[in-house]
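In the form predicted on its own, a lone chain appears below as structure tokens.
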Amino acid sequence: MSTTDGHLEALTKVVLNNLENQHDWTRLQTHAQPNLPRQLIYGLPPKRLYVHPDEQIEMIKAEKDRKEPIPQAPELEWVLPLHLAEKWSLSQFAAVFDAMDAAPPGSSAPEILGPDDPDAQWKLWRGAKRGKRLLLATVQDDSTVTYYWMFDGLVKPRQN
């Protein structure tokens, strides 16, 4: 194992430990494939972390019609471990997005819209149909981990 591989393995372990013990993620796995520049992590957070802005609008409409909230079950999420000192280019991030699927392995497919569920347009942003996104896990020298969302392409801002 090269020194670089050892550093990446240690970096991944720090992030896995942080997700599991500080943020209560479950079903954590590492994911490597030949066309990925480095190993990714995926897992299930304790609550849903991201709602697409268009999904948010459709959910508000559906909740108004239903007169009840729509359940927000958590989804499996991709995580890319990085060290603060690393310098990544847009082409490196693009290579990660090109190599990954929108949803991690084991993600459940969204229910198919049927005639009896016309208000379920909000389901179109879940599962494999969602846009590619990942959580950047930036590790500092003192092992503090800071998380940032990164998306493939442009995403309009959420409404408050």
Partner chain sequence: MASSVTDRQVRISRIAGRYLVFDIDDVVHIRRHHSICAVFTGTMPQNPTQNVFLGLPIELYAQEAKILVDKKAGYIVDDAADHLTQLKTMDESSRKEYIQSLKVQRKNAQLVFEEAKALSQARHQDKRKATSGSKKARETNNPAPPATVEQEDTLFDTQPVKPAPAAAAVAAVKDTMPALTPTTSSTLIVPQTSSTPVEVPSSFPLQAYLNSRGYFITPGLRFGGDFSVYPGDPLRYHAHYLATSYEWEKKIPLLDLLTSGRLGTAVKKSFLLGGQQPQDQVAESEKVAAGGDDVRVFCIEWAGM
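On a predicted model such as this, the values are computed, not experimentally measured, just so you know. Residue numbers count along the first chain shown, from 1.
Unshown form predicted together with its partner chain; subsequent notes refer to it.
Exercise for the section: State yes only if every one of 25, 138 and 154 has a non-hydrogen atom within 4.5 Å of its partner chain in the predicted complex; otherwise state no. Expected result: Verified in the predicted complex; spot residues all in contact, yes.
Problem - residue 14 within 4.5 Å of its partner chain in the predicted complex, heavy atoms - result: It does not: once its partner chain is placed as it appears in the predicted complex, residue 14 has no heavy atom within 4.5 Å of it.
Practice task
Report whether the minimum heavy atom distance between residue 21 and its partner chain in the predicted complex is within 4.5 Å.
Solution key: No, residue 21 sits far enough from its partner chain in the predicted complex that none of its heavy atoms falls within 4.5 Å.
Exercise for the section: Report whether the minimum heavy atom distance between residue 84 and its partner chain in the predicted complex is within 4.5 Å. Expected result: The answer is yes: residue 84 has a heavy atom within 4.5 Å of its partner chain.
Exercise for the section: Mark residue 150 yes when one of its heavy atoms lies within 4.5 Å of a heavy atom of its partner chain in the predicted complex, and no otherwise. Expected result: Result yes; residue 150 sits at the interface with its partner chain in the predicted complex.
Problem - Contact set, 92-107 vs its partner chain in the predicted complex - heavy atom within 4.5 angstroms - result: If the 4.5 Å heavy-atom criterion is applied to its partner chain in the predicted complex, 92-107 yields 92, 93, 94, 97, 98.
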